[in-house]
Every structure is written in C-alpha cells, then in structure tokens.
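What follows is one chain in structure tokens, specifically the form predicted alone.
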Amino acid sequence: MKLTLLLASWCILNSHATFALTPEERGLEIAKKMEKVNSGFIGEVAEMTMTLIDAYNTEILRKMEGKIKEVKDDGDKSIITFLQPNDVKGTKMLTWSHKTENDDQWLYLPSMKRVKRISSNSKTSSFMGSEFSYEDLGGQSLEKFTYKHLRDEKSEIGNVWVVERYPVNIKESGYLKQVMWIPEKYHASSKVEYYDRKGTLVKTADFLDYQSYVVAGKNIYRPGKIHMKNVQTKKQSIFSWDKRKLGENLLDNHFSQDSLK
C-alpha cells in the first residue's frame, strides 16, 4: 500500500515538472495570447492628437488622421496624415509592417514635395520631433521578439503579466529590451519600459483609457492614450485617439506609395 502511494505521488510530481513552463516558454505563450486576442479588427480609422511637451512643460499640439489595415499572413499597413498646424499639414507617414522582415516606412514632406524612405539606420530616430521613434510606430509582430515571463502582479483590474521582450534582430533596433506590464483583461500593455543598447532605461510609456470595441462579435481593447516619457531628457509626447472605429474595410490603395502624394 505504501509503495502504491509512493508511486502515485511520484507520478503526480513528475507530471507537474513535465508541464511546468520555463520563463521563456511562458513569455511566448502570453505573447501568442496577445496576438490572438488583438487580431481580427479588419481595419481602423481615427482622429489623433500628438502633444509634444518639452522639459519646461511647453506644449505643441498636432492634429492627425490615422488609418490601419489588417493584412493576412503579414504585418499591418498604416498611414498617418498631419492636418494641423500649417507647418506640418499634409505630412504623411506610410508603414508596411512585416512579421519577420524589416518594416517599410516612407515619409512624405509637402514642403519638399517628395517621398523619403526611412532607412533601417533611421528607425531609431525621433518621429516628427516626438519621443516616439519610427521603430515604436512600426510593426510589433510576435516573430520579431523573444520573450521572458518575469512575474505576475495584481492590480485593480485583476492579474497583470510582467514580460520582457528582446528584439531578434538587435542590430536593427534601438533597444536591448522592453519590459511590458500586460493586464490579462486587455491582453495589451498598460506600461512599457524601454532600455537602450547599453541596458539603460531611456523611456517609459503608459497606455491609458482603454476602451472596448466589438468586431464580428469579438471584444478588442485599444488604449485611448499613450504617454511616452523620456527619463533622460524629461521630454514627453502623448498620442491620443478620438472618433475611433474598428471593423472598417479599407482599400489597398489607401496604403500605396502613390497615396502619399
């Protein structure tokens, strides 16, 4: 009888060991959940405001229009058009993100009447004077990172996963790693810390005012605001969304290079 109980206990312990995930496996599992929950939005249109705040709290407002098209078996396509003020009116940024390859990005500058391709060396540069880089606004696909689950935390909205992610192609990224706080309710980040290639914290982003959108019977959460803070320069930038619609069927020609002009 004792031998039977001992064998049963050993089998139970061995079963738990077999199915226990490593931090890397758990991190990847969470990332896959995020991708699955946030897919299926079809297309998105919104009015946007970008607020630039310098170290002395002086603010500059810029109004924009944004469109995103979900692409099957590849990264999404997006275009941002600046509407105000006049010094940036008509400026457009087009992004074709990809799952594994480098994203394609172009910037149209109306003052020069030309389209400028954003090179891989420029992806770490500031987007239009903001604390967001072109890399931040590019594709964030599952395949471009490796992951590590650090811990779980509790918040007022429930369980939060804390996960590190590392760019697969480190030579093409401005970051060594990012640490993400991911509420299980949203399956999307509520906070991200960005560490430069030396491992120094350079920026933090708070993802705020989450709202739920229903597309084909599926709930998808999106933040209404992203507040990026540069901890070294003390500069800040805020992206906020208004009149956002998901489930929009957008034509491919809205995201062509010709559409920039």
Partner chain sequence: MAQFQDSGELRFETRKFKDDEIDRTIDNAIAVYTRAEIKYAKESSNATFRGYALTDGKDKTRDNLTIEDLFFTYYLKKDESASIAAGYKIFNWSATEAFHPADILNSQNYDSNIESMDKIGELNIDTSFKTPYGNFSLLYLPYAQSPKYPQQRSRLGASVNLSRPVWVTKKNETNLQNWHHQGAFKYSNSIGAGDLSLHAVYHLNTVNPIVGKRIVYENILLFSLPVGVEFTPYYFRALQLGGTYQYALDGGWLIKTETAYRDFLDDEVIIQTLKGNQSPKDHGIVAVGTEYGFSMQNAGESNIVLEFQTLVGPNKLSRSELSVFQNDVMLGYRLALNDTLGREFFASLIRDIERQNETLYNFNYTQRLNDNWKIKTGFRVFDAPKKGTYATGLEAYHNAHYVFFNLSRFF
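In this text, rigid core is short for the largest set of C-alphas that superpose within 1.5 Å between two forms. Model, not experiment: these values are computed from the prediction. Positions refer to the first chain, counted from 1.
Keep in mind that the form predicted in complex with its partner chain is missing from the display, and what follows is about it.
Here the chain stands alone, but in the model of the complex its contact with its partner chain, taken as any heavy atom within 4.5 Å, falls in 123-131 among 123-131, 159-167, 178-186, 143-151. Judged against its partner chain in the model of the complex with a 4.5 angstroms heavy atom cut-off, the residues P85, N102 and N253 are in contact without exception. The single contact residue among R222, R26, R62, H227, judged by any heavy atom lying within 4.5 Å of its partner chain in the model of the complex, is R62. Of the heavy atoms in L52, some are within 4.5 Å of its partner chain in the model of the complex. Not displayed here, its partner chain is approached by E172 to within 4.5 Å at the level of heavy atoms in the model of the complex. Looking at I118, you'd find a heavy atom of it within 4.5 angstroms of its partner chain in the model of the complex. Contact annotation: K191 falls outside 4.5 Å of its partner chain in the model of the complex, judged by heavy atom distances. Superposition of the core reveals a Cα shift of 2 Å or more for L107 between the shown form and the other one. In contrast to the form presented, in the model of the complex the C-alpha positions of S111 and S237 spread farther apart by 3 Å or more. A decrease of at least 3 Å in the separation of the C-alpha atoms of S120 and E44 is found in the model of the complex, compared with the displayed form.
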